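As structure tokens, one chain now follows by itself in the form predicted on its own.
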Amino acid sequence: MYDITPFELDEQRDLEHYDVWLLDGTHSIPPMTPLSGWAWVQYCRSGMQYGAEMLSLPTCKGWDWRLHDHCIYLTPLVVTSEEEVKQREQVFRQRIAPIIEDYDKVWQGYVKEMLAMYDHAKSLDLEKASNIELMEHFEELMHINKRVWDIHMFMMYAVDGVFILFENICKTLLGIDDTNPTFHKLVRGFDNEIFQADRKLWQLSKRAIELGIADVFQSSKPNEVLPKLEGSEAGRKWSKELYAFIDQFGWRTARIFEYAEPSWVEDPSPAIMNVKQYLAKGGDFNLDDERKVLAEEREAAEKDVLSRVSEEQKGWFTALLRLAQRSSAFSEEHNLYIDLYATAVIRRGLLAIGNRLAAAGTIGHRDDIFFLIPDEIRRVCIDPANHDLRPLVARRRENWAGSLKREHPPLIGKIGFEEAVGLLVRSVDPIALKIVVGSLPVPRPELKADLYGTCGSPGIAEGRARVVYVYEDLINVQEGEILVAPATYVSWTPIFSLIKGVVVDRGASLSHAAIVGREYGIPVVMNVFTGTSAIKNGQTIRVDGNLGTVHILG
């Protein structure tokens, strides 16, 4: 399918060295286009190994990745030697210290570096660029791709690793883990750039009311709003304010590192959809009032737990607490500055190359660029008229379209699911434990629940279920419903202002649904595994985030 790249899964060879390859369903369902899949496996793989080695994670050297039928599969690189674990632990303590001491300095330094890369890439006039300039731009984009994954995984391993250290000390000293409501109170109630963007969208909804144009939004589909607003001075004024927002926060796509997805810069309809939903909801911006309550609860929880920690342990406990409290903000902000921004900037350049190749007849349409891999782009970019890749693209498109309909095994290997989860747990990999796998549910028959999961955010809610699989279906979400999904993503964040609770098939304490649910003060039950198949649209359900249960009431 990929013409034998080093990243295609070879079951015979790859299972000689590794017991299992696990499907990353969060990121590759629906299956990825060839260029996006290739780039993910190349750069996420190298980024994870870079981050793990630069920090000297004691028990894991990152993950290895493979492509299989347009999906991405992973396996952890577990450190099995006890002597090596001890050696790595000593180095890890030294290398994590600067981040514990001054997280803001380290993270903001990386943000500055990434924004400089994006600004330079965006400065190129793509229409006037020569073929060799586009070729050099492509290499720049690939460098951005690699570098942001290095930063992504270095920082994520550091922050999530400290989160695990903090959870461990809480288990030892307080008898609580990261599913406990008290633990949640300790780490929530903080602002971040994604929430700032959501607040600006809410402010745009208020501006529509002030300018007397709210009826245009309420009576139109998102893609119809801007053309209608051009007919009035007030409408044009609002549109100008929208584009100012898009210039700052619109470098995002619905799906991370899938280059075939349009960005808000190209099509602001997703932003307008959020404005429509804020208009329908009315009232104040949820997070402003909620954060005051959460901050008060956090301060009370801190005072309580610190009173139970001895003086000799208080310094280390407090240092870990402060960085653990930044984990949620980092999780959301890295999505903005890395996953979304990089995807949109890289897509911008790829489309320009696609236009050039399509004009020369090398491919049939600019979007065919997403069905090539980098060495093919390098081969044809300088002299595209002498190459015809249309048969290759047609074959890959057909195969990709088929993969959208095919079932994809959750794992490929010599061991079963429970053993595979055990392998991830033994790796003590922070990303596996706190984002991908999480705690497994423990059924409690006496509760007579229909579904058992784990607590992502405490609280109890009852309401109508809204099952959502893809971003495009979020427009159907109504105020007061309970969202049921395989997982949620940063592009879904504004919906949390409308809903009363969340049920996700998979998730952990630092996954998106848990983080945002805690900040909005709504219950989240994670790792129910079969929520999207067991719950139907319109059913009334009760979500108990405290107990990690879901009852289907009818």
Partner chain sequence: MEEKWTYWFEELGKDAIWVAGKKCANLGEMARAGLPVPPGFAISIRAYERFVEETGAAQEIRDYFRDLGDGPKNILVYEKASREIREIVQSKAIPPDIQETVAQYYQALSERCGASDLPVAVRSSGPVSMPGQFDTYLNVIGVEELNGKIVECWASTFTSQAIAFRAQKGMPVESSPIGVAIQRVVNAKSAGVGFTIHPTTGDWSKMVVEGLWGMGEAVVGGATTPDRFVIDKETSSVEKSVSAKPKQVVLKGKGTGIEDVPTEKQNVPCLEDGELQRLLELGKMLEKHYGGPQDLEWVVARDLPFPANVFLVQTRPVTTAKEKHTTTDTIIDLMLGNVFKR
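Remember, predicted model here, so these are calculated numbers, not experimental data. If you superpose the two forms and keep the largest set of C-alpha atoms that fall within 1.5 Å, you have the rigid core. Positions refer to the first chain, counted from 1.
This next part talks about the form predicted together with the partner chain, which is not shown.
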Report the residue, out of 236, 93, 406, 414, that has at least one non-hydrogen atom within 4.5 angstroms of the partner chain in the predicted bound form. 93
Please tell me which of 392, 309, 260, 320 lies within 4.5 Å of the partner chain in the predicted bound form, judged by heavy atoms. 320
Within 4.5 Å of the partner chain in the predicted bound form, heavy atom basis, the matching stretch of 168-176, 116-124, 144-152, 450-458 is 168-176
Please state whether every one of the three residues 59, 78 and 315 places a non-hydrogen atom within 4.5 angstroms of the partner chain in the predicted bound form. yes
Look up in the predicted bound form whether residue 295 has a non-hydrogen atom within 4.5 angstroms of the partner chain, and give yes or no. no
Flag residue 100 as yes or no: does it have a non-hydrogen atom within 4.5 angstroms of any non-hydrogen atom of the partner chain in the predicted bound form? yes
Looking at the partner-bound form in the predicted bound form, is residue 446 within 4.5 Å of the partner chain by any heavy atom? no
Does residue 267 reach the partner chain in the predicted bound form if we count a contact as any heavy atom within 4.5 Å? no
Let me know which residues along 157-173 have a heavy atom within 4.5 Å of the partner chain in the predicted bound form, or say none if there are none. 158, 161, 162, 164, 165, 168, 169
Core-aligned C-alpha movement of residue 260 between this form and the one not shown reaching 2 Å: no
I want to check residue 172: does it shift between this form and the one not shown by 2 Å or more at the Cα, with the core superposed? yes
